[in-house]
Every structure is written in C-alpha cells, then in structure tokens.
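Only one chain is given next, in structure tokens, and it is the form predicted alone.
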Amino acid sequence: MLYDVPVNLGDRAYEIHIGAGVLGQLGALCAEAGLKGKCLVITDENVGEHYAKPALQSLETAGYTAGMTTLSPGEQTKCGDRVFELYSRCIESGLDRHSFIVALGGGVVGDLAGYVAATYLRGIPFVQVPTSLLAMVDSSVGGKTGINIPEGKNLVGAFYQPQLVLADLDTLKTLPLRELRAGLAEVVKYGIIYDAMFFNELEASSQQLADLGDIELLAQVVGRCCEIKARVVAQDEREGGLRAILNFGHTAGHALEKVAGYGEYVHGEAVAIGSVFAARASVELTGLSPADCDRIEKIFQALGLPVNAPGYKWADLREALAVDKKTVGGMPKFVLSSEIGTVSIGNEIPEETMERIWHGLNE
C-alpha cells in the first residue's frame, strides 16, 4: 500500500510514494510519471546486493531497457572522479535526452546520481529510490544534488528535481543499526524547525524509534517528514529564504564531517552534534529556553546518537566553517531556535561565543 505525498512545484511537481514492499512498483510508477526510453540504475555495492535485481526486474517488466552500474559505498564516492566515470557509463548505456537515471541507494548515491542527471546532456530525468532512513526523510526530496570537493562538502551541485521518489520501508531492514539511527537525526530536526507537536511525539516514542522495529511508526514518521519538507520546498525551491531552515545543525555538522574525515562520523551523527551546538547557541542568542535545549540534547542521546565530538580542535572546525556554503564574508550563518518548532535563519554567532560553546560541548 502506498502513502503519497505531493511536492507542489508547478510543472516540476512530483509525488513521493512511501510504503513497505513497494519496490516492485518502480517500473509502473515510472511509466505513470511519463518516463520513456532507456534507463540506467546507479547503486552501490551494499544496496545493489539486495535490491538491484528487483528494481531491474520491475523496470524491465514495465517495458524499459535498463542497465546498471555499481559504485563503492561511502561518502568518498561522492566526488568528481566518479561523476566523469558515470558520464561514460551513461554513454555506454546509450542514454539520450529521452532516457532517465534511477538513483537506488542512500544519500551519497542520490546526490551523485542526481548531479549526473542534472548535467549529462544538460539534464535528463531521474528517479530517487532512497534506501536509507536519512535519504527517505531528507536528501531524496527537494532536488538538491551535488558532490564534495577537498575544500568542503556539497560545494558543487545543482537544484534538480526528480520525476518521482519511491521509498520502500522494507529496504531499511538491511541497513546497519548505526545508519538507521543516524537517519533519526534528520527526523528530529523537522520537529525542532517546524513542528513542536511532532517533536513531542518523537520524545514519547523515542525508545520505539531507537529500536527501529515498528514499521507502522516508521511509515508515519517518514510520511510526516516528507510532508514538512515538501511544504518547505514548495514555498522556496532554491533556498532563497524559508528552505534554509532545513540547515539546522548542518553548519557545524558539515564542518565536523570535513575535519574528522568523511566516514568518521556518518552524516546524521554530525548533524546531531551540530544541532546540540546550535541549540546551545540559541539559548544565548535567540531566546531558546535552557529546558528546551536540554530536551533537544536528551532526545538525541535517547536515540543513540552522539551529542559531542571530543578531540577535535575549535581552530580546525573554524577553518572548515570558513568555506561552508552558508558562509558570507567569512562569517558562517546558523539556523537558530527561539522555541522548539520555531527557528530563524542567517544568524551570526560571535567568534568568542562559537569557540566557548564548542569547548563547553566537548569538555
């Protein structure tokens, strides 16, 4: 059974389809979305082992000529070298402007394959089939694509919307527990930035969520996150204003990922740490109550996520912050909260305050 969430973007509108055991509907949904021609499924070794065959079968049953290419897993794959390899694979597969790409995997595969789709032949259609919780609730929705370069994360990319998103919750069963829990950091973010009632519900069900065994609860959580993100993206597709609220926890989080070396902290873990950093700054600068700050820290702990990163020097973090996408004139911009469910964008934190909060977090 599918739970559908529309992303209302005029002629770029599409549907997010969420359900358990729905990967077999991929081909039919692609046809329903008007996709034609050849397609190339881009996946990684871990995901491909479990889900490439049913995805290809579904596409071929629907009448598509489908090829596949498999990447090494991990954040290091999201780089320029892989982009050019994938361009060559597209040519070898005979993809033209009437063909499409299917991104089958987590956030790395989705970002990379989406960027290839956005730039190959100046843009061909693509489909997101997220297989990680983080990708389902965040990176597969909204059209952000991109790659990392040595200077920082996601510094090269494009806004490019998919034709559809298909999230099969059964694919979460083969994810490592660490990756599943990391996805919960983005789930909590939606409560902090947009929906206090949702945050309260997450608090109440934090033990069930941490165990990740309740598929119905996961369906409700994924659906609500997609609804919130779809609503935000529909109002601000290219991050000119409102959409920037989605960056809560990401400013310090991205810097930590870079300094620690991609993979030391998976993305959701870094976002959890960055969110606690932002919450503590919010107490000092935007009026978040200490009690709400404590709630934010405790829910991440309850979900098995880290809330600090001892051993990393502030000077290194500050250097990484200087090249963040959200930095203007050398000053990083933060999303900060006045209360759970309400945030503001474009906040600057005084240098001394940033350093003091980082030290306080990790002492």
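Owing to the predicted nature of the structure, the values given are computational and were not obtained by experimental measurement. Residue numbers here begin at 1 and follow the sequence given.
Not pictured, yet referred to below: the form predicted together with nicotinamide-adenine-dinucleotide.
Annotated contact segment (heavy atom within 4.5 Å of nicotinamide-adenine-dinucleotide in the predicted bound form): 44-52, selected among 23-31, 330-338, 310-318, 44-52. Proximity of P176, E186 and H267 to nicotinamide-adenine-dinucleotide in the predicted bound form is complete: all three residues have a non-hydrogen atom within 4.5 angstroms. Of the listed positions (S99, Q161, T251, T171), a single one reaches within 4.5 angstroms of nicotinamide-adenine-dinucleotide by any non-hydrogen atom in the predicted bound form, namely T171. The single contact residue among G274, G107, G191, P125, judged by any heavy atom lying within 4.5 Å of nicotinamide-adenine-dinucleotide in the predicted bound form, is G107. With a 4.5 Å cutoff on heavy atoms, E75 counts as touching nicotinamide-adenine-dinucleotide in the predicted bound form. Not displayed here, nicotinamide-adenine-dinucleotide is approached by L134 to within 4.5 Å at the level of heavy atoms in the predicted bound form. In the predicted bound form, K144 approaches nicotinamide-adenine-dinucleotide with a heavy atom inside 4.5 Å. nicotinamide-adenine-dinucleotide in the predicted bound form is approached by N154, whose closest heavy atom lies within 4.5 angstroms of it.
Taking a 4.5 Å heavy atom cutoff to nicotinamide-adenine-dinucleotide in the predicted bound form, the one contacting residue in 225-241 is K229.
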